[in-house]
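Next up is one chain by itself, shown in structure tokens, the form predicted alone.
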Amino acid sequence: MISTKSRLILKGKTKEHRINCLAIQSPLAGVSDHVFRKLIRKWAPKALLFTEMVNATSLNLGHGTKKIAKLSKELGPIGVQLFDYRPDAMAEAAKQAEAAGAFLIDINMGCPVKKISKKGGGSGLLKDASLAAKIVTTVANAVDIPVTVKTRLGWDEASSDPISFGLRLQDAGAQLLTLHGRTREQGFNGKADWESIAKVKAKLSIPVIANGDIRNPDNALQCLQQTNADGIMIGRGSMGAPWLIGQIDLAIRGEPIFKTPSAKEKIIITLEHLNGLIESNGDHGLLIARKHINWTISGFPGSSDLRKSLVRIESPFKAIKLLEESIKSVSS
């Protein structure tokens, strides 16, 4: 049965932190910057959103500060997800994120990328539960805001024991666990194992958020039904669809869901996204925008030709002009 709760309450050291939207946007490297988050806010003003994943050691050395620099100016709660295998480095970076205005600190224990996991960060921590627990405790002791963890079912199927791992993190001070229904070995292949998420949810007392294979409101409701999770985290499904969090939020609340944007609306969204990226990154913003253009400009007549033209343009001015002309010419 789907939970009727409309919010989650996490305990910081000095006050409660309320999550008022049970559809949460996942941290996405190279995607979930402040421009993308601003778009999501149009449809999901109360949702918990995340920065891109931040390397704790790099942040302590003064790199990557752009990812957290404007948190205090954003509307709605923003979590900062950190990764590293050094407890002290994680704690120092968490303090910086808290000072910048982070709503909570999320510790990445699931990223399957080899250059991260082979050094012991991300999903590498799945192989060392003691170190994973130490990182959680060290970070929780360093900040006043809640500390949460995003992880996977295990390193591989043979060693997978997500219940024991989750309980270890809970005892260490994690306030919430987001569980992706695949092992590190699977990466993003195969089908997410929602049943295993349900088993973890049944054993933990802290909130559990389900993640994996959620691409539309129906998926979200099915996942909640099967897992009894406390909420849903959407990752790749939102790429090119910043409105999806809002649609899923309404579905969970049992309210009417707005229609997916029309062709003209998708082009308008793309133009707004491009302008925001150029304002933030200069001409380089066009290069960043190309992946978003590939994702968003799709699913309508003429989208393929428009998409191909846009990703070949080397001038931001010409890309903006083409989008403006397309808005005028598209029928709906």
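The first residue of the shown sequence is 1; numbering continues from there. Fair warning: this is a prediction, and the values are worked out from it, not measured in the lab.
The protein also exists as the form predicted in complex with a small molecule; that form is not presented, and the subsequent description refers to it.
At a distance threshold of 4.5 angstroms between non-hydrogen atoms, L28 is in contact with the small molecule in the predicted complex. For the chain shown alone, S123 is not a contact residue for the small molecule in the predicted complex, no non-hydrogen atom being within 4.5 angstroms. The small molecule in the predicted complex is approached by I234, whose closest heavy atom lies within 4.5 angstroms of it. Taking non-hydrogen atoms only, N108 approaches the small molecule to within 4.5 angstroms in the predicted complex. The partner is absent here, but in the predicted complex a heavy atom of D213, alone among D193, D230, D213, E98, sits within 4.5 Å of the small molecule.
Between the options A44, I267, A56, M53, the residue in contact with the small molecule in the predicted complex by a heavy atom within 4.5 angstroms is M53. Within 4.5 Å of the small molecule in the predicted complex, a heavy atom is found for all three of K150, F188 and M239. With the small molecule left out of view, the stretch that reaches within 4.5 Å of it through heavy atoms in the predicted complex is, among 72-80, 130-138, 204-212, 255-263, 204-212.
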